[in-house]
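As structure tokens, one chain now follows by itself in the form predicted on its own.
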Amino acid sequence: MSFEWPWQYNFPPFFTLQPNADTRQKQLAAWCSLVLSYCRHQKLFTLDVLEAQESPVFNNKKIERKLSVEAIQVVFEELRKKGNLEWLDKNKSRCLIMWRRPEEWGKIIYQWVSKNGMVNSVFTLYELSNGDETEKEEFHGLEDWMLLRSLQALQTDGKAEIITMDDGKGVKFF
């Protein structure tokens, strides 16, 4: 399934931050939506600012327009304010992108556990994110850092307990 670009993506002014405050807010909202949709479609969880400028999301080769690194930083800062991005370094060159928040992933995982009658079961983190049983689930392939945060959210809600096992971490669902 190919990614569906929003109409703004083929509109050249979209690639230049607009000076008018109202227009800029709408533009940033559109960029945030585009970045999250694209990352979700591609299952991307980490982004590098310099590499991002060359990725299709910020570089429309068809109309020969790309968003500047400075503008990408502004979009990323907006995503950070909304809770969808965390910087991995002080230089703000790499980030974690959360097109779903840990609590949302936790809810999806717990629904799967409940639906399949696996409450009171123990899983390794690997089984949850890479196991055969989860292959058709949206959380299959979830990166370890996000999986752990999702399980921590469930633990806070009293629905799971993260446990240490011989070969790493596991989780028991309640």
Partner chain sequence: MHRRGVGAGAIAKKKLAEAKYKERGTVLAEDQIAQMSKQLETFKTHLEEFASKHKQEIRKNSQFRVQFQEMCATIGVDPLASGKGFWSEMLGVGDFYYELGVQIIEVCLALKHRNGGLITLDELHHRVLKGRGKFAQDVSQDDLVRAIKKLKAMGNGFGMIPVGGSYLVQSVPAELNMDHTVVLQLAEKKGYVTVSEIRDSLKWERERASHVLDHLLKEGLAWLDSQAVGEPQYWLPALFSELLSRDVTPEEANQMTP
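Predicted, not measured: the structure shown is a model, and the values here were computed from it. Numbering follows the first chain given and starts at 1.
Keep in mind the form predicted in complex with its partner chain is missing from the figure; the text below concerns it.
In short, of 120-128, 24-32, 43-51, 138-146 it is 24-32 that has heavy atoms within 4.5 Å of its partner chain in the predicted complex. At the 4.5 Å threshold, heavy atoms of Asn20 reach its partner chain in the predicted complex. Among residues of the shown chain, Phe174 is not one whose heavy atoms approach its partner chain to within 4.5 Å in the predicted complex. In the predicted complex, its partner chain lies within 4.5 Å of some heavy atom of Arg65.
For the chain shown alone, Thr156 is not a contact residue for its partner chain in the predicted complex, no non-hydrogen atom being within 4.5 angstroms.
Interface residues of 2-18, taken as those with a heavy atom within 4.5 Å of its partner chain in the predicted complex (partner not displayed): Trp5, Pro6, Trp7, Gln8, Asn10, Phe11, Pro12, Pro13, Phe14, Phe15, Thr16, Gln18, in sequence order.
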